[in-house]
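Starting off, we have a lone chain in the form predicted alone, written out as structure tokens.
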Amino acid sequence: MYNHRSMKHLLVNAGQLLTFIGPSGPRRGAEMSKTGLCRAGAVLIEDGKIVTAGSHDLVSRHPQANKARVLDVGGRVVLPGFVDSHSHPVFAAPRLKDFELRAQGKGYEQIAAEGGGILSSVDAVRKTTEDELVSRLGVWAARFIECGTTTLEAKSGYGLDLDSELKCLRAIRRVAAHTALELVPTFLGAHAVAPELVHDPHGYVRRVCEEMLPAVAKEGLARFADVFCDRGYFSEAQAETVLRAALQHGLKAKIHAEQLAHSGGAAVAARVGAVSADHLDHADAADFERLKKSGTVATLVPAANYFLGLGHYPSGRKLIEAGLPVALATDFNPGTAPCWNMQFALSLACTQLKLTPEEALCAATVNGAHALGLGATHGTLEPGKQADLIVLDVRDYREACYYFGANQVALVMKRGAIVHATQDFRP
């Protein structure tokens, strides 16, 4: 159905081309509003990378342009593929019982106390084979691609013992080898205290640091380590212990911070130099300043707030005004954000987080790439960058954030190969 071969392409007739060409680092403040918009745009691609992008007149004069396969995108909008920097896609089943209980008015922590939540997913994953996890993750990968995500961070965290965590990470590695979606693996052994050590959380932290991390690092199964630092999960001190151990094993740090309460996660992120601090619902001005100084990307996941019915959202506007680079992610997971479509996150970013459409698109592309340490190769359409791009079936880029509840992606290219196209849009 799709052309998976990377070849020389010349995309022409882009009604609006958003290149996001700009500073090399994550975008902050007013920089997040600069989309690099070109009208009547074109993109020249060869060997999986961008050769040049900009106005059709300039791109068409490139010496290699007349040798490329022309792809007319019919006046549609072209922009970088979405980089989703926070997800939990390795699980065995949806948490439908949790969903019912939440509809009855029970909260996140009440559901966990009644045997739901993360530990119910842990029980299911422990009973599931690696092959079954591979099969399920392959399905999710295809859905992300169809909705325009070309790079996805994928966490473990539903195993909570050595064998199960390794099983999850190996499943990610296997799927990454045969799917168009680029998967960036993160070890989240410190997602919750394992049920068999529920009365010995410090013992579980030792298990993560002394048993799991060395094994993950030895097999090269993850680029990042993450911790759920929050009320009822891991304390500020425990989170820092895990992340410093991870750094010693060559993994970079990420952290779930200030989601359920103000628990010190942002301070940990700043002290250890975390690449990103995610959620930040209860972060305060002091946290903003710490994260700004450490260069940490603030990753917001509004689909979780929506699904949990929390009634509040982190203030994306305040974060941007504080000078922090803001990224946007789906937080795809079976319990609190069963959403693989970044386009819904874009809508929430504008309506609930008070980002402009330009800022939201920057957060879902450029800054998402920086939240994964991939800013040098992903997130913009400029010479030498990986040719990951999407074509939206709209005429104005603001429509990407304006409409919600449907998929507006007409074509997806990953590393210069067409990996998804709608039935009525063929090269």
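Only a predicted model underlies this, so the values are computations on that prediction, with no experimental measurement involved. Note that residue numbering begins at 1 and tracks the sequence as displayed.
The discussion below concerns the form predicted in complex with N-(iminomethyl)-L-glutamic acid (NIG), not included here.
- Note on the partner interface in the model of the complex: the residue among N333, T151, T186, T296 having a heavy atom within 4.5 angstroms of N-(iminomethyl)-L-glutamic acid (NIG) is N333.
- None of F228, F344, F288, W140 but one reaches within 4.5 angstroms of N-(iminomethyl)-L-glutamic acid (NIG) in the model of the complex through a heavy atom, and that residue is F228.
- For the three residues H86, Y108 and I118, a heavy atom within 4.5 Å of N-(iminomethyl)-L-glutamic acid (NIG) turns up in the model of the complex in every case.
- Shown alone, this chain has one stretch from 347-355, 75-83, 255-263, 140-148 that lies within 4.5 Å of N-(iminomethyl)-L-glutamic acid (NIG) in the model of the complex by heavy atoms: 255-263.
- In the model of the complex, N-(iminomethyl)-L-glutamic acid (NIG) sits beyond 4.5 Å of every heavy atom of F234.
- A residue is said to contact a partner when one of its heavy atoms sits within 4.5 Å of a partner heavy atom; K167 fails this definition for N-(iminomethyl)-L-glutamic acid (NIG) in the model of the complex, lying far away.
- Within this chain, R207 is remote from the site of N-(iminomethyl)-L-glutamic acid (NIG) in the model of the complex, having no heavy atom within 4.5 Å.
- Along 166-200, a non-hydrogen atom within 4.5 Å of N-(iminomethyl)-L-glutamic acid (NIG) in the model of the complex is carried only by H191.
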